[in-house]
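Just the one chain here, the form predicted on its own, laid out as structure tokens.
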């Protein structure tokens, strides 16, 4: 029996390691294929475009990564916030409506958008922490509500925005680097420092690792989980400016693709962690890779609907891999 176990355990370990690394392997294969089929994908101009296009996804991933770190990376019962893209879209809709349709000053439009973001954070925190709903269902419900309100605000119509602030984010460059990329880089550094280098971040990780153990240690777990949803709403608010800049306005339905890319990028990022856990920097790298796939597929003429289908399949693989890794570690 001992001889059988000595053979089967390494085999199972190798199979498990291969399955955990499957999302990363698939992405590498796809990127190599796109690099061959679209040689200009590695040109400096294209890389610049990829970085610029990835900014909204990067920023919403900052919020989702924070929630996952606080709640644990179990895709069913752990930390998840599906409402971040909807928060970005409702804030973008408010900004567009106020700036274009009402001629409001920038500070007034930003204040109204901030109120909407805070409301989303409070709603999610109450549903999850106070009422005890699972984050998956709670944030899905708040997301649907936010999308509905956005349709009312915008009358389900696209609103173009030509405000100088939005144009600056869209078109300005600093030393050849898009301003949007530089601003997003600052946000990334702040989130990485807060989540991975501060006492608060260490407590956040402790809660996500084992809530019971964190409570025994005297950590206020409910407060930290609630805070993570506020920070996720803040990420949605920040992302709204880049959503407006990338699309030169507010476009109904754009939250769907942003949601797909956010979930895919965040859990793909876990593949870059030695412990196969979601991290802020991993989510950011995942967002850039997902955007590179989108740009690559478009450059070789792949239909947008097929691109969505491929992303959906990749999400299934990434989530299944994350669930398997979590079960193996437990």
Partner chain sequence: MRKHRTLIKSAFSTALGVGAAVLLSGAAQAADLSLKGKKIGVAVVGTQHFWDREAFNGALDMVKELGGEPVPVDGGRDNQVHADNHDILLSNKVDAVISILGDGAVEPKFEALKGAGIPVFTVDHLSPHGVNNTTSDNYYMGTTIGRYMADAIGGKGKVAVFNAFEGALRICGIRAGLWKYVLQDYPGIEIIQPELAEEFANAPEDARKKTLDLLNQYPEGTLDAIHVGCWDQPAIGVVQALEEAGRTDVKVTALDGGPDTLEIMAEDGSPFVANVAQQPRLIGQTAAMNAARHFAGESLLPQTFVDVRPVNGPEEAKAVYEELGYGTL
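Remember, it's a predicted structure, so these values are computed and weren't measured experimentally. Residue numbers count along the first chain shown, from 1.
This protein has a second form, the form predicted together with the partner chain, left out of what is shown; the following refers to that one.
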* **Contact of residue 156 with the partner chain in the model of the complex (heavy atom, 4.5 Å)** => yes
* Using a 4.5 Å heavy atom cut-off, state whether residue 299 contacts the partner chain in the model of the complex. => yes
* Asked: Should residue 46 be classed as touching the partner chain in the model of the complex when contacts are defined as heavy atoms within 4.5 Å?
  -> yes
* residue 40, heavy atom within 4.5 angstroms of the partner chain in the model of the complex -> yes
* Structure fact -> If we test each of 251, 227, 143, 150 for a heavy atom within 4.5 Å of the partner chain in the model of the complex, the one that passes is 251
* Can you pick the one in 119, 222, 134, 160 that has a heavy atom within 4.5 Å of the partner chain in the model of the complex? -> 160
* **Contact segment among 299 to 307, 24 to 32, 64 to 72, 262 to 270, judged by heavy atoms lying within 4.5 Å of the partner chain in the model of the complex** => 299 to 307
